[in-house]
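Let's start with one chain on its own, the form predicted alone, as structure tokens.
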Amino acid sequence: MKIGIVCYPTFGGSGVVATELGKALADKGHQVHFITYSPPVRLDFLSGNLFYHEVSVSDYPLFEYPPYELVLSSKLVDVVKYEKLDLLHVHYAIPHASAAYMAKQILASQGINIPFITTLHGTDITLVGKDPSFEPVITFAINQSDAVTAVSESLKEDTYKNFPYVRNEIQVIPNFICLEDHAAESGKCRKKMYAPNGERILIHVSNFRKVKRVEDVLHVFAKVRQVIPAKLILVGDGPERGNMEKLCRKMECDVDVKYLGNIVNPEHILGISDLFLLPSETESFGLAALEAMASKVPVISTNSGGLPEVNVNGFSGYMSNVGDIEDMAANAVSILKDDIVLNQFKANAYQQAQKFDIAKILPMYEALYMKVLGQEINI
């Protein structure tokens, strides 16, 4: 198949999943074309089956905001026609699904039929999508999609709840990880760079938005640090990072906190970590938690959104109510204080991650593609 993938090329979960999906499809022999405004951060190479098409947005004085959706639609028309694509797979509803619909209509007027699949990832439904000004467009684009997927049962339910006029059937295809990329690393020498005296390493990875409740990460760490020698590694960047740094200095624990910024391959640092903290207000799935578990790192998380579908309470880690810092810290200490307990949770976390290996998820997408194209499934 020749597949066009539209995504945001950033460090966010939707872009990561879209890119890894495309790379896996290319490995299976499909021809994959990424169509976006810059190369996806995880697209670290281009092979014979991987292609990138830049959506170039000109800055005209007439427009206060560049019309990205229109330019994207035009680019989709161009790529579909000249690369002879079989289908489009757009990740994130805004504005990719509506742009795909517009491109489909333009191509139909030229006698070309191009189906498109929309994958919903989270904030396009649970945050941005709640803005009433977007509701009619999102509903229409979802209903006009040839197929719709969501990354969790929780997100599927939220979509029907927040968009009561959605009539299209939503299929749940969970996020995934490439277990080979998360192979356990001994990393003893590198671990000593962050924990020179054998301290436990706690880690948090996110885009540092308010919904991630990053200050809770620091409060939980401070309580753990009172009981167990520990270090905290923060990966990512975003609007709350400045507040985090100020709070860290105020709490006088900055000597034990390391900021690494955005990292293309977080599995390198996850491999030396002991515990992952994810106290988010909500998560549509929790890809960061899954990536941690794939690196044999147990997870302390909240129980909101799709997290219960990923993190098994008492097995791969623990879950607490949003904002319950005391419970999160107590759970963290119960895992970290004993090597035998910690090693068991590490093994359990990896066992849970195996359920989401791309080898199990990829056939679900391939089957959906074949169904949309009206072809027999032979994968």
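These numbers were taken from a predicted model, which means no experiment stands behind them. We number the residues from 1 along the sequence you see.
Below, we refer to the form predicted in complex with a small molecule, which is not included among the displayed structures.
- Taking a 4.5 Å heavy atom cutoff to the small molecule in the predicted complex, the contact residue among H89, H121, H96, H182 is H121.
- Comment: the small molecule is not present in this chain, but in the predicted complex one of K212, R225, K191, H219 has a heavy atom within 4.5 Å of it, namely K212.
- Contact between S295 and the small molecule in the predicted complex is not found at the 4.5 Å heavy atom cutoff.
- The small molecule in the predicted complex comes within 4.5 Å of no heavy atom belonging to S273.
- Interface membership of V17, defined by any non-hydrogen atom within 4.5 Å of the small molecule in the predicted complex, is confirmed.
- With a 4.5 Å cutoff on heavy atoms, F116 does not count as touching the small molecule in the predicted complex; it lies far away.
- The stretch that touches the small molecule in the predicted complex, counting heavy atoms within 4.5 Å, is 279 to 287, out of 246 to 254, 279 to 287, 263 to 271, 191 to 199.
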